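Here we start with a single chain on its own, the form predicted alone, put down as structure tokens.
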Amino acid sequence: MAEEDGTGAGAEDTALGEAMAAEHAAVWGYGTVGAALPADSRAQAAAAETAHRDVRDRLAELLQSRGVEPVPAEGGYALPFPVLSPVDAAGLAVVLEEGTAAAWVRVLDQAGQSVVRELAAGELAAAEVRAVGWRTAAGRTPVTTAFPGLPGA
């Protein structure tokens, strides 16, 4: 973990930038998730997209306040598999949430300021809560992860 006195600020900012990149990907990916769901099932995808958009915007403000240029969104993102059904859509949402969880774990590892640790812990928990719902929708078991965001968890 980085030191509270700010000596790890560069590593902390880099991890925050990686989290922002993951949040950009999640915002983009949820457009695909929502498009593959029936109209009456899109509320969960819309809520997740809004949550990721909100945290992405908060990250941009945080990085700008530190004098760090926020990571821009890419023009598009490669999907890890074809999304042809609601089950595929739920599976993609799991991938998106697990990706953001991994990025937030990196932020926790590099965080030197308590406010950054609190942000990372909160967003890690939120990603896992959303992932549980999507794992359920995709028919995956177990639906929970003991250590969200860690490799092999």
Partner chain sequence: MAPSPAPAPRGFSRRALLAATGGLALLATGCTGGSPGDAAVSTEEADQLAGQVAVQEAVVAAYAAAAAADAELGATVADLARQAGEQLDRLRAAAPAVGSSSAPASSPAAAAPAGGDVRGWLRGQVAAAAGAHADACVDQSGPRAALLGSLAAGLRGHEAALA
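Positions refer to the first chain, counted from 1. Computed from a predicted structure; not experimentally measured.
The same protein also exists as the form predicted in complex with its partner chain; that form is not shown, yet it is the one meant from here on.
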State the residue from Leu37, Leu63, Ala102, Ala51 whose non-hydrogen atoms include one within 4.5 Å of its partner chain in the model of the complex. Ala102
Determine whether any heavy atom of Glu118 comes within 4.5 Å of a heavy atom of its partner chain in the model of the complex, and answer yes or no. yes
I'd like to know whether Leu96 contacts its partner chain in the model of the complex, with contact meaning heavy atoms within 4.5 angstroms. yes
If you check in the model of the complex, is Ala43 within 4.5 Å of its partner chain, heavy atoms only? no
Quick check on Pro142: any heavy atom within 4.5 Å of its partner chain in the model of the complex? yes
Taking its partner chain in the model of the complex and a 4.5 Å non-hydrogen atom cutoff, the residues of 65-101 making contact are Val71, Glu74, Gly76, Tyr77, Ala78, Leu79, Pro80, Pro82, Val83, Leu84, Leu92, Val95, Leu96, Gly99
